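Consider the single chain below, provided in structure tokens and representing the form predicted alone.
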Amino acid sequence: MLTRIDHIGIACFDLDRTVEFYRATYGFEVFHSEVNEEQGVREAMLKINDTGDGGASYLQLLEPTREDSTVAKWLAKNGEGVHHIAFGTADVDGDAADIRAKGVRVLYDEPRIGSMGSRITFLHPKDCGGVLTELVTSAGTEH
């Protein structure tokens, strides 16, 4: 069962400049940053709040590290802005299977490793009202 909005992914051309905007404008600080070589992005997670299920809600700022990454292609087509929404779940495998059974395309056969050691998969935007949707099981969450 989906329990919360885990994060909103925002694609940007300059991660440092975008982090500074969110810090100066809203007071959000970087909670975690990393480079995900598989996805070809450098990212910063800005923690917004803690949630009742032991998780948190974040803004995930994404800067491509190579031109062939999904985020780089998305930026070239759309410019900076909201890239995806992610919902938290204790069981990414089970929820992905349930959603797939309802006719929604799940982009990965098996969840992959995402930010902060989480397990993730994506749902096809054409099946989700034009919104790229991610399912996230945080690291340390039972599944």
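Heads up: residue numbers just count along the shown sequence, starting at 1. In this text the structure is predicted, and so the values were computed from the model without any measurement.
Below: the form predicted in complex with another copy of the chain, not depicted.
Colleague: Can you tell me which of 62-70, 113-121, 75-83, 37-45 lies within 4.5 Å of another copy of the chain in the predicted bound form, counting heavy atoms only?
Modeller: Stretch 75-83 is the one.
Colleague: Indicate whether another copy of the chain has at least one heavy atom within 4.5 Å of a heavy atom of Phe87 in the predicted bound form.
Modeller: Close contact exists here: in the predicted bound form, Phe87 approaches another copy of the chain to within 4.5 Å, heavy atoms only.
Colleague: Wondering, does Val106 line up within 4.5 Å of another copy of the chain in the predicted bound form on heavy atoms?
Modeller: Residue-level check for Val106: no, no contact with another copy of the chain.
Colleague: Is Asp50 a contact residue for another copy of the chain in the predicted bound form, using a 4.5 Å heavy atom cut-off?
Modeller: Yes - in the predicted bound form, heavy atoms of Asp50 and another copy of the chain come within 4.5 Å of each other.
Colleague: Going by a heavy atom distance of 4.5 Å, is Ser33 a contact of another copy of the chain in the predicted bound form?
Modeller: Contact check for Ser33: no, nothing within 4.5 Å of another copy of the chain in the predicted bound form.
Colleague: Residue by residue through 6-44, tell me which have a non-hydrogen atom within 4.5 angstroms of another copy of the chain in the predicted bound form.
Modeller: Residues within 4.5 Å: Ile8, Ile10, Phe21, Tyr22, Ala24, Thr25, Tyr26, Phe28.
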